[in-house]
Every structure is written in C-alpha cells, then in structure tokens.
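Single chain ahead, by itself, as structure tokens, in the form predicted alone.
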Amino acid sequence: MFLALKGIRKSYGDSVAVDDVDLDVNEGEFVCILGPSGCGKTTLLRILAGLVLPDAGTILQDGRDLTRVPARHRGFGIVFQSYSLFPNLTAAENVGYGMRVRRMAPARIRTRVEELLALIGLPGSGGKHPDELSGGEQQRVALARAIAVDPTLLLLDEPLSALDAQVRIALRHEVRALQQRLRIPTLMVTHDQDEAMEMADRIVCMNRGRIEQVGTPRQLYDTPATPFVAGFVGSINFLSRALAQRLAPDIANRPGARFAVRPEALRLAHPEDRAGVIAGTVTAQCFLGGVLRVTVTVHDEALVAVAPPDSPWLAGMPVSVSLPGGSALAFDDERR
C-alpha cells in the first residue's frame, strides 16, 4: 500500500469537517474524492498536503509517518482551482520555480522545462506570462509546475472547475492521459460526478465529513451502498413501497428498506403493449441529444426514464411502465 490514512478527524469549533476517515491509495492510482460542497473533501486533501493539521489520525506513506511533517517536506505536488501562478513570471519560470528552489543546475532546469511544456502541449509558450495564456493553458502550466519536481503524490483541488465546459471536458482527457503516462499516484477533489466517473480508477464518495463508499465508478453506479451515493452518482428514482411492490415485487417485501431505480432501467411502452405493467401519463420530455428524458406520473409519483432520442413520447400521452427483474435497488434503514 503506497498511502494510508487512518482515523483522520478534523473539527472547527462544533463543526466536524472530517470524521474518522480511513483511506488507502495504491501505486499509480487515480483516486477522485467526490462530494457536495461542505462534505469535507477539500479539508481532507489539505490535511494530506500538510496545509492543515488533523485533530486525530495518522498519515502513512510507505510506512513513513507524515502526520506532522511540514508540507514542504512531503514531496507532494499540488494544483489548486485558482492556478496560483506567479503573475510576474513567465510560463517557463513558473514551471521551473520548484526546481530553482531545490537548487538544481540551470541547464537541467532549462531542459526539464522544455520537456514539460512539450508534454502539456505548450511548446514555444515558455516566454508568455500568465495573463497571455487562456485558463486552460494556465492550468496546464500549473500542472507542469507540480510535476516538475517529480512528486511522489499529486494532489488536485478541483483543478478544472473554473474552466469553460468544453475546455474542462478536453482537459479531463489530457490530465488523465498524463497521469497514466507518468504513473504518479493522484488524488483529485471534485464535486462533478461526470469528472470523477471519467477520470478515476476509484471514487471516494463523501458526505458530512464521512466516507459513504469507495469503489470503481461502475461499482458506485451499479451497486451504491447508500441512498446518498445512489442519488449523487448519476440520476435515480426513489420509490414508495407501494410502487416498488408493483414494479419490483422480488425485492419490495424487504422490511424497512428504501427502494430506487435508475432511469435507464425503466421500460416505456404504449398502453396496449402488454410489456407495460403499470399505467401512467407522460408529464414532460426533454431532448438531450443521445437520449430523450421522459417524466412519467404513476399514482401521483413522478418517475424519470430515458428513451431513444426518436421516441414518440409527448406530454399528456398515456404510457405503460415496466422494470426488468433485478434492476431495482434496495437500501436498509441503517444505510440511509
């Protein structure tokens, strides 16, 4: 195990920001810490970086206790949301800053900076200052600066959230490809589920300072451990027990359980089609390019389903709804 966090806890007055967190990170792994604002994910990252001291717990890297080691001695690279480039330095000078602090030979710094600018797709841009670069280019420079000193761990604090949507999507691919090429263990904080699903080997889903579930993107989507994870990772329909008994009688008799179903699991049909088992009414539809999102009202409950983009469903149309066996999710009381 490359990195291990054990019993990490941090409070600010009466507010618990991180509550007894255990987490392991493997060599070469890309881990996303995912959760809503205020869930403790950034505090956890800052504790790991050495910028915040935990109230309790231990951080071990290859058996070395880092819990009280200052940030500058941890050997980690950090990229923040705000880029944090030095405005008075050129791109090349920003990338080489950490190497100069470490008193590396000037010739080696120049060579390394050129290599990194080429690696991030900015060859020939070393002489530009930050205000001459786009937001995406600035974030590439910040990333190059972080990896210039060969960090043992790369920490990314919502590095793409300030960028335009198209730039953000493109940089997801670039950052992930770069991490896979360099094999630097990486932890990235994000509140964007699509970002986490696309980039991570594993996702750590946090809520109210605690870890709700750790797993691959597919595990969190297909087998969420709690209703919170089910609702935060992807779209979900939570069902009343009465509706669950109609749609999923195979699981609906579990006492005290809460039931849910993904929109893509629902099947819509014309009322005369016997494949539909519950009658409902289309109340809304939204064309999303690859799919049509359809809202159906069944016994005063709204269900969201997805259908092929050329489906004929329009508001006011009658519809039958069915659910293939094994598609519903059930959560016990204690996992709410």
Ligand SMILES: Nc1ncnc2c1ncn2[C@@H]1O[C@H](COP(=O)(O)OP(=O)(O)OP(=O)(O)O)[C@@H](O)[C@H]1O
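Start at 1 with the first residue shown and count on from there. The model shown is predicted, which means the values in this text are computed figures rather than measured ones.
The same protein also exists as the form predicted in complex with the ligand; that form is not shown, yet it is the one meant from here on.
Only one listed stretch (281-289, 302-310, 58-66, 37-45) carries heavy atoms within 4.5 Å of the ligand in the model of the complex, and that stretch is 37-45. Shown alone here, residue 137 lies farther than 4.5 Å from the ligand in the model of the complex, counting heavy atoms only. For the chain shown alone, residue 158 is a contact residue for the ligand in the model of the complex, at least one non-hydrogen atom being within 4.5 angstroms. The ligand in the model of the complex is approached by residue 17, whose closest heavy atom lies within 4.5 angstroms of it.
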